[in-house]
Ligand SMILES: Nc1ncnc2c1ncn2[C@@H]1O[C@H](COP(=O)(O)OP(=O)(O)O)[C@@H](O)[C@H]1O
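Coming up is one lone chain in structure tokens, specifically the form predicted on its own.
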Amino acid sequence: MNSLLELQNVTKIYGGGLFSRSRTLALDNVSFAIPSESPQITAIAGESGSGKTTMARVLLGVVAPTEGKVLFKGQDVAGMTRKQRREFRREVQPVFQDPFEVYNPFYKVDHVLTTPIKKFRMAGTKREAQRIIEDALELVGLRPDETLGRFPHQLSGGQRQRVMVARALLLKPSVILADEPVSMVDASLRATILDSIRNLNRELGIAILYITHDLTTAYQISDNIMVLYRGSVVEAGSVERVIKHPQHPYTRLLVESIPQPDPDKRWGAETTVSNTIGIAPGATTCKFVDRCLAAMPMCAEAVPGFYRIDPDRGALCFLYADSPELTSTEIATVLQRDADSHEPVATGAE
């Protein structure tokens, strides 16, 4: 199956330059692919600092990887011509966490909608441009007469965020990268915005990469999920399998942290998570070993491989060392499914 957007063994390190000796490993040898057929909603989940936003910026071409490649329709983004990069920027659109930062307070919200139409020459007349804008606003549940002609502060947070979804939609993209798109709005508006994003996928065939720390919303709208920890993919698979039956100890910890509506269960009490495994200074280890209650001696001596534990799920953990270990190419396609049957794609690992 061909990939629309792909990361191949991407590592991103911040710092370590002429004026800074400190280095931060934001992404560590990550491989991932969005299939061109059967567009899906894939969630990228993890705690703060896990590398989610860096992954989005690398996929958008805003940040260059330290190692590895970003491919769009098989073309290396770093080697694109100006014309190819222009097409890439039209087809891969972002929706950011805080919509207010995108707006210029001195311009009406119309400005963020008319600018891409002019830049990409999408309309021959003002009337055609107005029709395109109104259609996009209606697709995300906004009434043009109540939205256009207003300044950003005159709209609610949910309206501003949906305008940004409409802006991405204007360009008829193949992929939308939504980075925490509902974290800045209240609970009453989250369902509306998430429903708009889901409809873009199901009705218009746009692939969605949904970046979040909220496993609840990830489960509600996603088909697949990748869980990041300190820049590494520790578990990936169908959202149904991963959330309901997490296999990596870190994923289990995340799922167990979701508040439950049980008055007899105390939530928020401090829990000490540690193990008895000794780690030698400078040793190469599993990144999660110091927090893992399932840690074994080998976890303090080497980095685990990424093992296939279900037909469409893998985990980076020695607990599954008896299962087939996936190559970087197979890891990139572990979430891809057949466009017609929606069954997992065979990658040759069995």
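Residue numbers here begin at 1 and follow the sequence given. Please read all numbers here as calculations on a predicted model, not as lab measurements.
One more form of this protein exists, namely the form predicted in complex with the ligand; it is left out here, but the text below deals with it.
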| message | Quick check on this chain: which one of 285, 323, 53, 29 has a heavy atom within 4.5 Å of the ligand in the model of the complex? | response | 53
| message | Just checking whether residue 328 would be counted as a contact of the ligand in the model of the complex - the rule being heavy atoms within 4.5 angstroms. | response | no
| Is there a non-hydrogen atom of residue 47 within 4.5 angstroms of a non-hydrogen atom of the ligand in the model of the complex? | yes
| request: Within 4.5 Å of the ligand in the model of the complex, counting heavy atoms only, one of 291 to 299, 29 to 37, 53 to 61, 304 to 312 shows up; tell me which. | output: 53 to 61
